[in-house]
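First, one chain by itself in structure tokens, the form predicted on its own.
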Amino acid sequence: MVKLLKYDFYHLRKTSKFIIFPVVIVIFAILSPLTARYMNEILEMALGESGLDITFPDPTVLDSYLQYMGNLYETIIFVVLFVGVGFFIKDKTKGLLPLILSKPINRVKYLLSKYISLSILILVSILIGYLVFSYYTYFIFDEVNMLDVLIMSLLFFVYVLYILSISLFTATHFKSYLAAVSVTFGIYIFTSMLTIIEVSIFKYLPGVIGNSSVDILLGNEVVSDVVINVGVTLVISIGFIYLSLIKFNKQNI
């Protein structure tokens, strides 16, 4: 397992994936507080030139939090989805899988190594983004609640684990990148839409994690609900990983 992890990290270092996550997340970590601070002024100037006299409220540090969280869930998560599927399916699409598995490599460890290595890379990137965002938010707004931002970042990582588990599942069930990424996107959209349904059991689905983060930032969180939400998300993620391992072990490669 250790050798497989070293191989996967080596591969990540040799590709753009090693820098794409920290770079993109850091960019949004810098832009989010800047956008929150100056967007109202930009809008007032733009609307003033059009003759509309509209006054926007002064931005607060909460606007910075929400802007950053929105960027994570609306942009970064799609980077995770597309890159994750590509990382998991690359050996198959390049025809390298038969050669790799011809060696004494445990299939379970092979698959888990890929999932763990990419998860660690994204976690480190998120933590770097957390530090950069906290610094710029404090620099611009003179205040920052680093604990709440850390919790928000870790909740996002739990959601990332869920998206990666779906990516792993589709990568083991389909032979082409396009098919795998399309089904991953479809599952993501479908499970997100389920959270709209006002049924109590659906309020703990993975798609609600973003709402839990908002509640924490607003101080309205119910700890038990957040814990159950995280637990359900992790259980579903483990389920997708388990189904991926079963499928991969049964494939005749």
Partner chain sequence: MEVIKTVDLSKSYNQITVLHSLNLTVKKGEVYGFIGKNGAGKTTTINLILSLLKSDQGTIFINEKEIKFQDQLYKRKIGYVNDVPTFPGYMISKEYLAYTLDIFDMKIGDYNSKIQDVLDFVDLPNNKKKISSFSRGMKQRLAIAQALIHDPEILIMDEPTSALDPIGRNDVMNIIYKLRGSKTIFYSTHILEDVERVCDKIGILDNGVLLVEDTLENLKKAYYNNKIYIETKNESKDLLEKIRTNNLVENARIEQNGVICNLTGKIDENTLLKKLMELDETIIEFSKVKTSLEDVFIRLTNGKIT
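Predicted model, so just to flag it, every value in this text is computed and none were measured. Positions refer to the first chain, counted from 1.
Separately, the form predicted in complex with the partner chain exists; it is not shown, and the next lines address it.
Asks: With the partner left out here, if you bring back the partner chain in the model of the complex, are Lys14, Gly95 and Gln251 all within 4.5 Å of it by some heavy atom?
Replies: Per the other structure, all of Lys14, Gly95 and Gln251 touch the partner chain.
Asks: Select, from the options 100-108, 78-86, 115-123, 158-166, the stretch whose residues sit within 4.5 angstroms of the partner chain in the model of the complex by heavy atom distance.
Replies: Partner-contacting stretch among the options: 100-108.
Asks: Examine Tyr10 and determine whether its closest non-hydrogen atom to the partner chain in the model of the complex is within 4.5 angstroms.
Replies: Tyr10: yes, in contact with the partner chain in the model of the complex.
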